[in-house]
Ligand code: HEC
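Quick setup: one chain, the form predicted alone, written in structure tokens, and binding and motion questions come after.
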Amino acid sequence: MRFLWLLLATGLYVRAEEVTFHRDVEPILQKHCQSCHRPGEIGPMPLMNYAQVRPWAKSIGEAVALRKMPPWFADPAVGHFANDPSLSADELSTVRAWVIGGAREGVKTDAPAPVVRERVRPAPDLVTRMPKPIRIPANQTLDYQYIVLSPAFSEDRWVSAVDILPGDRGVVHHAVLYVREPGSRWLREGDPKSGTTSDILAIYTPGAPLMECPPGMAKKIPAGSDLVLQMHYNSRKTDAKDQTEIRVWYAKETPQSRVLTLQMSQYGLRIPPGARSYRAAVSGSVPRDAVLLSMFPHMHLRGSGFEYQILGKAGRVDTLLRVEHYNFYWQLNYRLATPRLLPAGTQLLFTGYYDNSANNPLNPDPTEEVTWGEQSQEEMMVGFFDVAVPASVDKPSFFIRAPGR
């Protein structure tokens, strides 16, 4: 009998027929795949046991070999990220050997212990949801929906984690949860398009995990605030309903640092018809010392790439993140493995790239000039980024230059 031997990155050879699901492959799926590929999550099929995985063995082998799964779009040559789900070279070789060897199940007693998939432990301190479901009619374009939630915060609350749970993930493109502080007139005048400078508590996009602050850090909900959900829906061929739920966990003690979600946007987009590599950029300086925690680029269907950079002295450019193949359906937040200090005055440059040509399979109409707009067939260019600042600094005071600067 002939056996196929594969060389792992460690320099060890593995015989394909000896690789089994329970001993070798199931731990890889637990670590990299099951957070999405399980009941109730975004993955199109569950991959929780051998019976569910076996019919997809060949497809799984191809997807991981091409780096299509797990979704991750950061250039590996730029930066290191704490939430990078990419398989190691050894893990890729193991999956490949398993497929080549016939996708054998092996002995069930070799299976790893089940992973508890609760997003945060213990139970949340606050659970609230839309007061009633929102109907999403078939084949229609909906304006952004704004839902005001008033959980009656009688005192300041420091928040360590937030989970946004759509009722129907198939129609929710994104959800942004804002903190509307007392005295804010936003949405009180009946104009949801008036915009806001309110702080962002959490953002949901397909494939994104819950918002969880690093140890010793938290976001703040001042007493008397409301929570406001901004919902972007994409309709399907049939009617749907959504009633999104919010789960909030409070910090156990006053944090040392406050986490702020900031953004720079380029509203002056004018992408010519047929343009294959249109470039849009926005720059600005950091008014106070801050520690950069993560970066989250946002574009629409024509988005193809995004860069976060620091402009240094003598023309030096330091690239923090390069997303080479932006994916509208997997908008990810990239958390730095080592947070980076941004001294006051640091110059930031964010650049977005767009493909408005017929070569873009997602392009609604390559013959149109495209400008800024809320809907997916329009475009956006937003560079969100999370920073840590002293606990006493809120968003308005962050943009007041510190004394002596």
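Numbering starts at 1 and follows the sequence shown. None of the values given here were measured: they were computed from a predicted structure. Definition used throughout: the rigid core is the maximal C-alpha set that superposes within 1.5 Å between two forms.
As for the form predicted together with the named molecule, it is not shown, yet the points below apply to it.
Checking Leu342, Met48, Leu348, Met69 for any heavy atom within 4.5 Å of the named molecule in the model of the complex turns up a single hit: Met69. Against the named molecule in the model of the complex, the set Val159, Ile200 and Phe398 makes no contact: no member has a heavy atom within 4.5 Å. With the named molecule left out of view, the stretch that reaches within 4.5 Å of it through heavy atoms in the model of the complex is, among 353-361, 333-341, 27-35, 372-380, 27-35. Among heavy atoms of Ala111, none comes within 4.5 Å of the named molecule in the model of the complex. The closest non-hydrogen atom of Leu301 lies beyond 4.5 Å of the named molecule in the model of the complex. In the model of the complex, the named molecule sits within 4.5 Å of a heavy atom belonging to Gly43.
Interface membership of Gly101, defined by any non-hydrogen atom within 4.5 Å of the named molecule in the model of the complex, is ruled out.
Contact residues in stretch 58-89 (any heavy atom within 4.5 Å of the named molecule, taken in the model of the complex) are Ser59, Ile60, Ala63, Val64, Met69, Pro70, Pro71, Leu87.
Superposed on the core, the two forms differ at Gly170: its CA moves 2 Å or more between this form and the one not shown. Once the rigid core is used as the reference frame, the Cα position of Thr94 differs between this form and the one not shown by less than 2 Å. After superposition on the rigid core, displacement of the C-alpha of Ala208 between this form and the one not shown amounts to 2 Å or more.
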